[in-house]
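Before any questions on binding or motion, here is one chain by itself as structure tokens, the form predicted on its own.
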């Protein structure tokens, strides 16, 4: 969840680091820090948002053309300046920033304390700086000490390290993302390409266990800890530019990204025919297919499981990524696992992929980020083609995931052209659902709900998946307690939650209209206030959100007005919809 940036080159590092950290704000953080190297090691650390933490900072005091920066989201140790990165060694010669979790830090720390090292923080990360120092005390060079230290770390890490009076950055990664941007005589380091895209589109994605030594002349050498030798890494090009990662005329990224869905839904089906055919062949050969994801990706997988059954007659096992290890004993070399993650760095999903690989199962990676860990771990890959999604909440990538699931289901049934035509026909429907007229309607509805303590959502089949996703959107951005239920489950407990005035959203499709309206009447009889999401107004509805009937593509269409409603609720409650509390875009720790 933390963000890392680094710079080495011909410009002053501090302004570049600060801008890079700003570009990573969407990942979520509670403190910030930077270190630069010139004739000395200059360090700044602060708590809170970047603007607040740096309001009294004069960047001229952070001189040097080599530097590292960090935004922290607390895992070990409370939110405080002493726990903010960068962390230093005892002699204050070495500075490091770290993303991930060092699982054996207590053992390492105890050993180092016995040798006389003094720790200033309560974090697991600080042990890295002291470990490098300890190895340098044994007459190792800075690079040798870093490599030796990284070999001793258990867990996950992306690390940048600098040494006073040495114009170098040493970087390493294991199970946490790290990418290098290539400039003219300068190099940029980041945990996410969005941090460096305004300077360069040429990048190198580090592989697991890679260590890089970068010099001020722009030279790099790559060493792999497992292969124990120097290696070569290829140059890639990022497929989107800095303008796509800016808000433009929109007040928030969330609204911008909601409004982009007419385009992104269409782009999701732009897939390589040969790759699709290979994936379809794997599904047909597999003895057991699993869909694995977290949060919104899990809801997309749920919709996909219904579509695979309904359209293609194929059974799919649906599992939350965090629970997947409990199903490992079912996996074989004939199992196929679809691992779904927008960032491609979701720790729970990558952990599930490792479990699948241990059993010899094949993995189809479904992600939005080229070069991500998930992309590299998969045997085959499907890209969402959504472009950068900066808001913490998944909006356009959720609908793109559902499109991909539908596309695969229809391809399995030999009806790929039907799906393509249907998706393209959604363009104007999505455009209308994100129009100013619809936003004004939903703004008025939000005004009626903004003081609610509880909101409930009900659906059946594909609409149940949409209800779950809608509830997630509302709760994570507005902080209103919101739950979703399958309509048939109301009588098995949830009806006890309904009291007079409780807002309840009812998702209706033609295929389940009678059953779900029966559930609506049950809620109405207990005093609930009903808000319908359907093609036509129905007798029990107190309020109504009109959406066109799109059959198997209802999960796409019906999710969009709920995204807008969630946005309006957040704004009217005085909250920042791009950065909900306690959450981060990329969950890189278990």
Ligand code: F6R
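All of these numbers come straight from a predicted model, not from anything done at the bench. Positions refer to the first chain, counted from 1.
The same protein also has a form predicted in complex with ligand F6R, omitted here; what follows describes it.
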Practice task
Examine residue 476 and determine whether its closest non-hydrogen atom to ligand F6R in the model of the complex is within 4.5 angstroms.
Solution key: yes
Exercise for the section: Using the partner position in the model of the complex, report whether residue 512 sits within 4.5 Å of ligand F6R, counting heavy atoms only. Expected result: no
Practice task
Would you check, heavy atoms only and a 4.5 Å threshold, whether residue 99 touches ligand F6R in the model of the complex?
Solution key: no
Exercise for the section: Please run the contact check for residue 71 against ligand F6R in the model of the complex: heavy atoms, 4.5 angstroms, yes or no? Expected result: no
Handout entry: Listed residue that, although ligand F6R is not shown, lies within 4.5 Å of it in the model of the complex (heavy atoms), from 394, 373, 400, 149
Key = 394
Handout entry: Listed residue that, although ligand F6R is not shown, lies within 4.5 Å of it in the model of the complex (heavy atoms), from 426, 294, 412, 212
Key = 294
Exercise for the section: Considering ligand F6R in the model of the complex, find the one stretch among 156-164, 385-393, 454-462, 305-313 with heavy atoms no farther than 4.5 Å from it. Expected result: 385-393
